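The form predicted on its own is given below as one chain in structure tokens.
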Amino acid sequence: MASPLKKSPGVKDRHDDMFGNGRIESDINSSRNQLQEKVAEMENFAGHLEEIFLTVEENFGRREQHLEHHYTDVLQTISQRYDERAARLEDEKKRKLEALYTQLLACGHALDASKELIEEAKEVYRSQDKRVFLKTVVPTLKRIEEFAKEEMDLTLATNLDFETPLADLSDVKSMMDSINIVPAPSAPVINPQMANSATQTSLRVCWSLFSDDTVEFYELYYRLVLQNAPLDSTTAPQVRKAKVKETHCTVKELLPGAQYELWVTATNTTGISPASEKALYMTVPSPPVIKQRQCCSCPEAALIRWESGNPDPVDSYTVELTELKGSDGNEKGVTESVVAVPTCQCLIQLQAGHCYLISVRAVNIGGPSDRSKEICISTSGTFFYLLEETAHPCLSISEDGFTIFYGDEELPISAMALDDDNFTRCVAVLGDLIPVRARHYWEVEVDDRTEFRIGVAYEDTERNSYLGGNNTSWCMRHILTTSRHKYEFLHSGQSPDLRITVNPVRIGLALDYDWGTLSFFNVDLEQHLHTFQCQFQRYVQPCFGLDSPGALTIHNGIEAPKYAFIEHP
């Protein structure tokens, strides 16, 4: 009969400081993630300022061009009015000068005629010949009388003053007034989404108008962005809008964890601005769903797995854990958080012998989701479920996931639904052991009338070979013969020659990564059965197989007995 192993007293556990080191590393990672978030936020703000700078430049250029255009039109109109007025004055001057010139010519003709008559009268008067005098004096006198009878117009033929009509500058006045008319607003600038600006069903949207434009109201347009929608889709999301007077708006009745496209316009008495560039905002994700049957733990840590439950990817996840204290476990301690988890699983370092409530939040730019449904994790011992996708088709697993059955009826190969993960020769299944190089202990309840194989195997162990029959698995095998119960401890098909006199009903398995051992015990007798010495190069998984119809039950999450592990110096 094999003797129980004895534990060396007074030896310090090599894993005592694992939790402390892990906590420091977690704090460093948390600080680094916070710094990265700050840097990303500053980069986004710098990009936003650059957009604002360009918008101010564009608005200034547009207003300067608008002003220059208006003043050019005013100057052109005034110049046209000046040219028209100068032309009219020139025509009026010409008419006046022509009238005066004509009157001047008439006066000159009258003077010439009077001079001619005076000279002619003088010649008649000087004449010495009486006969000539009498002959010419009478006609001359008649001509003088007729000239004297003619009336001379001695008034000016034209008015010396120029007309001064009022210039019609009404159009110029209108143009000058139009410069002061409020122009239609320029396009608003919609701000990038800020952190924590959303809920599961609402978004707070902000925008800016970087000019002196007068705005009476804004209209915010938004619609759902469909992921992987076909290009010719005829079911485009409906565009909705909200009318507000402020430069911010909270839109509601949205879908959780969804992406929305938004744009905004500004309106005043003159008209409507161009639309802003479109921006993408996201609502807060739905709470994740923890896959409890895929979670596992050991005294030092827990591996939590979940599914997002959101159609769009999230930025990260936050795992929250609260220690349960008190004798009845109803008192909650301080809640700690593991932030910036990139995938849907997280390995958390914990303290041994405690209970924790663990939940998960999904996080995107809009903010964190509500907590998922909490699960309770105990670190009293190693806890795992079976990997049902590896089970042989003839193997059944109980509803609680800890008992496997092998029935009397054999299924034909054609009726078996097989894939690459299923065992095909050995009626077996693997367990989902947490990937932590520490000490792990679990127990298996067996029936001495059933042939079985229990032990550990690499995750990629051959599915078409028997457990223990290859170099990737180590197992204890029970064989029924006509004369006795035979037990083998197999690796690569080899087993030492051992005889067990008392058939174990409950077998304990103790896996020690640090010392490279896998030990088997008869729990009822606290009896050591066998130990494999192997420096495991990779993580191993518990394995369970039935070579004859029957059942076996796994017991885990229990504290390892003192005799299970030897303390080494």
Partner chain sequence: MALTQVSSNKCAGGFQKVFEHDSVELKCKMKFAVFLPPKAETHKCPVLYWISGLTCTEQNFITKAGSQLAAADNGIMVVAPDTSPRGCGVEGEDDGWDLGTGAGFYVDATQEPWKSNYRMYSYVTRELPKLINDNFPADPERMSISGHSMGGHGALICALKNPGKYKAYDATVLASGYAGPPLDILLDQGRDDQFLSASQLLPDNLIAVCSEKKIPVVFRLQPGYDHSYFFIYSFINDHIKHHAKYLNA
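Keep in mind that this is a model prediction, so the values were computed, not measured. Positions refer to the first chain, counted from 1.
One more form of this protein exists, namely the form predicted in complex with its partner chain; it is left out here, but the text below deals with it.
Stretch-level contact analysis of 534-542, 34-42, 505-513, 518-526 against its partner chain in the predicted complex, using heavy atoms and a 4.5 Å limit, identifies 518-526. For Q65, no non-hydrogen atom is located within 4.5 Å of its partner chain in the predicted complex, even though that partner is not displayed.
Shown alone here, L97 lies farther than 4.5 Å from its partner chain in the predicted complex, counting heavy atoms only.
L498 belongs to the set of residues with a heavy atom inside 4.5 Å of its partner chain in the predicted complex. Annotation for 189-204: no interface residues with its partner chain in the predicted complex [heavy atom within 4.5 Å].
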